[in-house]
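Single chain ahead, written as C-alpha cells, the form predicted alone.
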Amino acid sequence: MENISDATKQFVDLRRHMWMAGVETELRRLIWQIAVTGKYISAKIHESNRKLAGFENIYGEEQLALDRSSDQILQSQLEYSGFVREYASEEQPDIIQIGDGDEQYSVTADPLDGSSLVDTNLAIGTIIGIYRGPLAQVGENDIVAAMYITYGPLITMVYSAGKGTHEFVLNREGEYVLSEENIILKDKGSIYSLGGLRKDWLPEHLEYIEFLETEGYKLRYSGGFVPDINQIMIKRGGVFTYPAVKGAEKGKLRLIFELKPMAFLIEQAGGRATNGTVDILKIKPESLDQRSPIYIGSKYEIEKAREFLSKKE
C-alpha cells in the first residue's frame, strides 16, 4: 500500500485504511471491534477513583479495579464478535473458550498495562495479540496481527496486520483517524528504556548498558511497557530492555501477552526483538505465564545486545 498524503490522512479512518491495505474481512472486523473496545476502557479509566480492587491476579500482583473491569470489557466484547475461538488475559488463570471452536482467531490481552501508574496520572495502555488457531498450538509464525492502545494526553492506537505498522489518533468525533502510516524505525536510535534494578543486572547486560551510555543514549523510562514502546515507535528508534536479572533469570515480562505482540509491531516497523540470543517471534510458548528477557527496538541496538549477551558463559 502506498503512503497516503498528509492532506488525505484526516479523512482516512481505521476501517477504510484496513480495507485499502487488503486486510482480510474477518481480521479487519476483529481489529476494528477491539479498537472500539479501547474507547470503552478509556471511559472507564476517566471515571476511575484509582482504588485497588482488593484482589491479586494469578501472578500475585495487586489488581486495580481498572485491571478487572478492563479485562471484563474485552472479554464481553469478544464474545459477540463471531471471529474469536479463545481469549487469554493476564488477569485470568486459564484460556477462555469464546466461540464454538471453529473460529479462525484467538486473542491475548494485557488489558491494562502499567495500571500501577494510574494514581500518578502517567500514560498506560492495552496490548493485544491476535493468533490464528488455538493458543495451545501457537508456534513461530501464528501471530497474524497485534495492536496497542495508549491512554495518555491523546488516545492513540498502533496496529499491524502484517502490512506495516500504523498509528491512529482518536478524534473528538470518536473515530480513529490515520496519523502515521508505515512507521519505519531508523537503524540506530538515541534513547534507551531500562527495566530492573542496576544492582541485579548480570555482568554482560551491565556491559551493554555502559556501552550505550558511552555512545550518549538518553534515558527515557516511564515504568509502563506501552508508553515506552510507543516512544521508541514514534521517535523512530531506540531500545527497551527488561533483562534477565539475579533471582529472575527468565525476566519479568510475559511472552504471549506482552512480548510477541510488541515484537510483531516493532518488526513490521523494521526493528528487531530478541531475548538476547533468539528472536522473540521464534520462541514457542510452553505455558501461558512464560516469561522472557527482552531487548526490543532499532536494528543497531538489538545487534549490539546480541554481541554483548553472547559473551555469557
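Just so we're clear, the structure is a prediction, and the values are computed from it rather than from any experiment. Residue numbers run from 1 along the displayed sequence.
There is also a form predicted in complex with a small molecule; it is not shown, and the following applies to it.
- Here is the short version: of 283, 253, 65, 288, the single residue with a heavy atom within 4.5 Å of the small molecule in the predicted bound form is 253.
- Of the candidate stretches 216-224, 176-184, 80-88, 157-165, only 216-224 has residues with heavy atoms within 4.5 Å of the small molecule in the predicted bound form.
- At the 4.5 Å threshold, heavy atoms of residue 237 stay clear of the small molecule in the predicted bound form, well away from it.
- Though the partner is left out of this view, residue 126 does not reach within 4.5 Å of the small molecule in the predicted bound form, counting heavy atoms only.
- Within 4.5 Å of some heavy atom of the small molecule in the predicted bound form lies at least one heavy atom of residue 112.
- Within 4.5 Å of some heavy atom of the small molecule in the predicted bound form lies at least one heavy atom of residue 242.
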